[in-house]
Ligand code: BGC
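Just one chain follows, in the form predicted alone, and it is written as structure tokens.
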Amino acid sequence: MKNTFLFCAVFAGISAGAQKPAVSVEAQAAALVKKMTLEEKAGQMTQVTLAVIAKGGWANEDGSIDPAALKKAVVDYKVGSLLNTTAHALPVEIWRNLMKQIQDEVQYTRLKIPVVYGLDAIHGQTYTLGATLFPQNLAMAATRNPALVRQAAKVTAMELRSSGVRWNFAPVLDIGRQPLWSRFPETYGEDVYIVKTMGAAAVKAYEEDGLKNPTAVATSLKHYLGYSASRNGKDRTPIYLPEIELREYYLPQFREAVKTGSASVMVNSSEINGTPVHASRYLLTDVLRKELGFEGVIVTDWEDIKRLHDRHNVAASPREAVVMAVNAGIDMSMVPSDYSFYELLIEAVKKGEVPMSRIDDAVKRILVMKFKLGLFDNPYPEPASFGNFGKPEYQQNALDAAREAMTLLKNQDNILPLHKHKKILVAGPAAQSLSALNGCWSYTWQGNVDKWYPADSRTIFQAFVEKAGAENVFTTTEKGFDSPQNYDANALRKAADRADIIVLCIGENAYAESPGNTRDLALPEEQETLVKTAIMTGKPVILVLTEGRPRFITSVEPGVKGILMAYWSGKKTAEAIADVLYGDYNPNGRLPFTYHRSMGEIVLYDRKPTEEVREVFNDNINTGYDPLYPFGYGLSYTRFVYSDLMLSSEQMKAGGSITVSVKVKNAGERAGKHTVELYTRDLYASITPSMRRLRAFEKISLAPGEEKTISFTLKPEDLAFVNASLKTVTEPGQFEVIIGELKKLFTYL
């Protein structure tokens, strides 16, 4: 069979070779829907995982396809989409061959509708070996640099497309306001404005070239809606969320991303106030479709229609679960391990439980996405994309992002930067672990198998040796996060005798989704013991935190001299850590979350007035927000000074704006980057206002002694909030602008 996809020209409403005006993809999709049987439509709405067609199923290691299983999926069940990998990432050539086999099989179907393949490329092309891994979203938020988010998305899109994949289940737009949540590292942190800004930047970068272009991929906004607000912090557990809070903190980023343009949305696996989102016509149709105007594909998450019956217990049978979800607005079911959805959907339509109009609507949306992706023109891996995989400059892109993510939290007595002639003991479980630097969705789902990382990946220990020489750097650790040797406090104590400084690398090993659930955020006992042992040696201790969420270090923080928050920053994490600690790069990351002191201190930066104080016998003490390190915190090796905060007017009118300007000076002796953040406070409102909200930020570079004036424009919508009637409004009154320690008042009329 030739490597050419034969598409019947009649689908496009034109005869072969004829020169007629172009027909819209919507019209082409509608024409094709009319030619389809119910079975063909149900197939298009069905998505199964690679294990269903792979030799050996989930045990498959090489991406080989079982021809009979492939025929069953594509020809017999007319499946419209496939996703995922099996045991681990595959070489790019294997992916291309796999895509060819799938689309070849399509030739044996009546209508030859191509299959669309989707992967979770969360921080780089997750499932292709050797693909470039960037920092997780949480670390990208610390950069405060949307340009880096755009750059990472561009590279990810090109490496996906080079693998033959055109649909990316990203970006994650969940907001990180529950630090227990195991998907916290996939978020852009606790602030709405940052999530909205970074998320929109990613969507635009993925899709702006045009989905037919071999440098673009379709995105999937996830997880709509409120997924990260788990009451107990466990993945896929109940959410109790007033709609006023849902609209204030969880909806704006989806609204912005829909406005930017996204091909699909993936749905929250959980339930809100007792209603699973997969069964919520209000959220999927009334809000997403009608209010936000979303026109793309709504796809479920992993087996979530089934869970309406067997987990959520709102559907009395599997068929009722299918009826609920599809009638609520679901277009495609990530079944993903069988064909039950296909069979039950056909049965439901024949019984009149799901109208054909709903089926046609869903199928048309799926086909429109496929037309836009160019799959009907050529569904095979495009030779024009092959040269876009693994370009050398991608490594520099990853290093730039990792460096800007590094967030210096403590530098007592200017212990940092380190001198290269000092004897450094590099210890702790993350010292020789690659998985602890990359985190989830890194060549495996969990990301915790070091052997799949590229051979040129560096551990923290290796990066230190390369930076200062083997004669100056040594370790007590072994490769891998969980090796017992890494937790040997006695070995650390003895080795400290010949060290000038101890760099202790602690935090979390990689995890994804439910396996990352934790009962508390306390630093694991064996790691706390290591830190206390290091402190007791009397040698200066620098903590390097490689973690996906803030683990409590309150009990040991006073005893250490320096702390670097390194997050899970991808392929170049180790090099970025060494560059910062040795002073070859001036740190400029800022916390995208509040680093809490303990489980009893979970107060977020945009706190309410009653959270600002603690009432003790009617005496108010302003220590309600008392984190270990506040949101937006981050040190530099130089010093930035703000002055002359100015407003263009002391009044803002409806439909108008004011300009806010401030002078920023590098008063230190080193060049550095710095993010200027503008906050506002609504002094009085019909809904208790926050003490501050981030409204704008800009990252700048300043040479020693250099001063710049930074300007921001504020409009009424920048000051808006959701009121008791669930309307987004800006009320007249006084507002405070806050930049650093400087404040100015203005009035909105």
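So that there is no doubt, residue numbering starts at 1 and follows the sequence shown. Only a predicted model underlies this, so the values are computations on that prediction, with no experimental measurement involved.
Not pictured, yet referred to below: the form predicted in complex with beta-D-glucopyranose.
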So, in the model of the complex, is W302 in contact with beta-D-glucopyranose at a 4.5 angstroms heavy atom limit?
yes
Spell out, yes or no, whether the shortest heavy atom distance between D120 and beta-D-glucopyranose in the model of the complex is within 4.5 Å.
yes
Please run the contact check for K364 against beta-D-glucopyranose in the model of the complex: heavy atoms, 4.5 angstroms, yes or no?
no
Residue-level contact is defined here as any heavy atom of the residue lying within 4.5 Å of beta-D-glucopyranose in the model of the complex; does F169 satisfy this criterion?
yes
Among 222-230, 375-383, 561-569, 495-503, the stretch whose residues bring a heavy atom within 4.5 Å of beta-D-glucopyranose in the model of the complex is 222-230
Which of these residues, M266, V531, L523, L98, gets a heavy atom within 4.5 Å of beta-D-glucopyranose in the model of the complex?
M266
Of E343, D488, E243, E513, the one that lies within 4.5 Å of beta-D-glucopyranose in the model of the complex (heavy atoms):
E513
Within 4.5 Å of beta-D-glucopyranose in the model of the complex, do I175, L591 and Y629 each have at least one heavy atom?
no
Taking beta-D-glucopyranose as it sits in the model of the complex, which residues of 228-244 have a non-hydrogen atom within 4.5 Å of it? Please list them.
R236
